[in-house]
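The chain that follows stands alone, in the form predicted on its own, written as structure tokens.
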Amino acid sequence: MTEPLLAIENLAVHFGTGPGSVRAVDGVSLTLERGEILAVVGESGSGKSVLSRAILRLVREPPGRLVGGHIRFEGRDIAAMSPSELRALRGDQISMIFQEPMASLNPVFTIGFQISEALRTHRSLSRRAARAEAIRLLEQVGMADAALRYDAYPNQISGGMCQRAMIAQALACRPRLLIADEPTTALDVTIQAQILALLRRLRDETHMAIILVTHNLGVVAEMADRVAVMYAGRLAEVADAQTFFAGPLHPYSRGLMASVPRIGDRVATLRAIPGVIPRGGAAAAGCTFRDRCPQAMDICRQTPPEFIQGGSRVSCWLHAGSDIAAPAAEGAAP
């Protein structure tokens, strides 16, 4: 078997110290193959964005702390890399599209300069060649008047345009791994479709792997090869996309699926999962979802479930001792 492109082993990221610390990521293990699209889904506060930032060592310390675990990219442990090694890696072999474009672009440089800088640093292009390639990238992500926008500062263009500029910057060096944290949040549906089509095409052409962090299960159904469901800093379920949408196993996964509005519903009321994610992230004992789960048992309050292997991986006592064949889903794929 070939080594996976990315292997995350028992990763833990905490914020603060002592009893009040937040376990934003707690014992997460995942692998990603070359050319694969892995969607990471869950509510706000489930740890998705912290996980994506931790892969590139972008969690600010303090208040954050990488408590334990390994992040191996092509066999090299990112958690043990020096600052110079990280600078060479970021933006070249691994790129990231951030959730908040207005806060991620440098306000004192033009968007064209910020895209060209990556090309000149990692691809050694001349100033003229880098400018031409940056304009081409802006056109590729749907930026109107790309040559004019090249010289614009982030505060001179809309949030949606900033999002497109940041996507162009992330794709500039054709990375082997792209981490996309809500990449189409600020875009209208037409541009969203164009960006998703562009990501799929680049994946097919360059065999680029993608970690897609999103709450939009419709995008997941369209894009992902596999799905990882996070809750309170831990993984609840990992499955290939077809299996997941045919029948999610974890009660939390079923709740997420049931909350998706569907065409033809006579009642406009959205279904929600009662309660909120526990403050502080993962609990010290028991299942983290136990207080919100309609099927919670005594063991759920006492002992955290281990991942049960099979066609899917699920962290739930309901499936202990079973072959975890997918049950009938509570709702079909969106």
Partner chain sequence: MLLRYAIRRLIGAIPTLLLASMLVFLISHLAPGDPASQILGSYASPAELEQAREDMGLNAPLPVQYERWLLRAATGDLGRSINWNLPVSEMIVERLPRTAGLAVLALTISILLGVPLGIIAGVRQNRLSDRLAMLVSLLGLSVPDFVVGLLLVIVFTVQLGLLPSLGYVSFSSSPYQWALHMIMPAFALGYLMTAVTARMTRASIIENLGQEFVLSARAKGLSERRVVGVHVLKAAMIPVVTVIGINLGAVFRGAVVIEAIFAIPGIGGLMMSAISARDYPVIQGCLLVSVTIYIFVNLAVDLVYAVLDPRIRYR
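Numbering follows the first chain given and starts at 1. None of the values given here were measured: they were computed from a predicted structure.
Form predicted in complex with its partner chain: not shown, discussed below.
Proximity of R53 to its partner chain in the predicted complex falls within the 4.5 Å heavy atom cutoff.
By the criterion of a heavy atom within 4.5 Å, R123 is excluded from the residues contacting its partner chain in the predicted complex.
Although the partner is absent here, M96 lies within 4.5 Å of its partner chain in the predicted complex, judged by heavy atoms. When contacts are judged by a 4.5 Å heavy atom cut-off, E74 does not count as touching its partner chain in the predicted complex.
Proximity to its partner chain in the predicted complex, taken as a non-hydrogen atom within 4.5 angstroms, holds for one residue of N106, S158, S82, T190, which is N106. A single residue from the set D240, E117, E222, E133 has any heavy atom within 4.5 angstroms of its partner chain in the predicted complex; that residue is E117.
Only one listed stretch (240 to 248, 161 to 169, 224 to 232, 192 to 200) carries heavy atoms within 4.5 Å of its partner chain in the predicted complex, and that stretch is 161 to 169.
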